[in-house]
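Taking the form predicted alone, here's one chain by itself in structure tokens.
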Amino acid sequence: MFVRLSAAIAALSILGSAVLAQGAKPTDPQIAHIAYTAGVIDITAAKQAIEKAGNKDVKAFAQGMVRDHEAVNKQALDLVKKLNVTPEDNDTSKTLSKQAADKLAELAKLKGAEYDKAYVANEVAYHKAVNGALETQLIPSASNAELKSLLQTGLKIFQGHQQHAEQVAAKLK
């Protein structure tokens, strides 16, 4: 379990480091794509958990992830349409998508309580990484005030997700 959790944290640190490695702060279209991609990743993982989880608290948590992340992603899409901005795919969002697909495949092999614990541990690690990237990279780099505001709202929601995931994880031990 610890190896999986460490791998998730290491993989998701790419949220900030891949953009920084390019030597420039991400643009608003890149930030929009990274944030949207991060939401889609969590929605996909949650949908898998709704199907596979055996624990009612884990299923309820996953249902909340789908609801909340779909709502934030809808707001993000509405905003980019309003601003006439096309989200820009980039190395960070591509890497996140690849690593998320690998993680989903790994989780798909698990069953029962082992799956429940691994999914929730991954959610804790994922939200820590996303929240950290929002705080230190994406929000400070955003130029547009409305995008920055949406990211700040998302951060508050996702901090709540992290706390909820930590509470569910504590119950599964």
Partner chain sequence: MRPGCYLPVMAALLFGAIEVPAHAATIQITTTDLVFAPAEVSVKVGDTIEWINKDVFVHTATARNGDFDVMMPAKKTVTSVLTKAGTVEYYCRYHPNMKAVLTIAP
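Numbering follows the first chain given and starts at 1. Nothing here was measured: the structure is a model prediction, and the numbers come from that model.
Below, we turn to the form predicted in complex with its partner chain, even though it does not appear here.
Its partner chain in the model of the complex is not approached by Ala100, whose heavy atoms all lie more than 4.5 angstroms from it.
In the model of the complex, Gln75 approaches its partner chain with a heavy atom inside 4.5 Å.
Using a 4.5 angstroms limit between non-hydrogen atoms, Lys111 is distant from its partner chain in the model of the complex. Contact annotation: Arg67 falls within 4.5 Å of its partner chain in the model of the complex, judged by heavy atom distances. Along 153-171, residues Thr153, Lys156, Ile157, Gly160, Gln163, His164, Gln167 each place a heavy atom within 4.5 Å of its partner chain in the model of the complex.
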